[in-house]
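First, one chain by itself in structure tokens, the form predicted alone.
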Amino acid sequence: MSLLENLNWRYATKKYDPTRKVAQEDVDKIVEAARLAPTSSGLQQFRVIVVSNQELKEKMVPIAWGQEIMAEASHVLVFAAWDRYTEERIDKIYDYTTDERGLPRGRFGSYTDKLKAAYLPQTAEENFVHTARQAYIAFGLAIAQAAELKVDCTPVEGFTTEELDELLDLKSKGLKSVTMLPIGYRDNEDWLAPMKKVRNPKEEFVIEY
């Protein structure tokens, strides 16, 4: 199937079959799609936390405002972004990049100096707005990869970030949660499954000049 056919197939699943688990191979592919996502300046300013532990998933239900899909889903992917930019974080990824490409460290020093000058004077809140946007790029690719594999998923923004960060000890990792993606297989009784997929018509959605 084509990408567009896969995207037409998928929907935000409202009820999962808790007896069906996503194969580790497919989980790995979905995460890999996120890892390969483009990011601003190639900094990969986020991480993906893969939660399969049932006890943890059940604790996510009240954090996600009572959404039972957190416990029903096979896995929950949590997209968490850097809480702020630091000189060390910027240097680390560029040192790794030059090492992997067989280039001398500092090869991109003039560019990383510009990044530091732009981001380091900002507040942590301003930094997080930018790093969180990068996480959403990967979030979209993970959704597309899941659709290709015929794995159902549900984009989740409705949750208390502070409580999720505490549950997963994200602060100690310099991360803040951005969004979540439960994955699994739809239950036969999911009320949304038979509904027509509805989007704005193209003539309204697209503005051309």
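Given the structure is predicted, the values throughout are model-derived calculations rather than measurements. All residue numbers refer to positions in the sequence shown, first residue = 1.
The following text describes the form predicted together with a further copy of the same chain, which does not appear among the structures shown.
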property: All of S2, E157 and L175 within 4.5 Å of a further copy of the same chain in the predicted complex, heavy atom check; result: yes
property: Any non-hydrogen atom of Q122 within 4.5 angstroms of a further copy of the same chain in the predicted complex; result: no
property: Residue contact check: K59 to a further copy of the same chain in the predicted complex, 4.5 Å heavy atom; result: no
property: Exercise: D113 in contact with a further copy of the same chain in the predicted complex, heavy atom 4.5 Å; result: no
property: is_contact(E55, a further copy of the same chain) in the predicted complex, heavy atom dist at most 4.5 Å; result: no
property: Neighbours of a further copy of the same chain in the predicted complex among 30 to 64 [non-hydrogen atom within 4.5 angstroms]; result: V31, E32, A33, A34, R35, L36, A37, P38, S40, Q44, F46, R47, V48, I49, V50, V51, S52, N53, L56
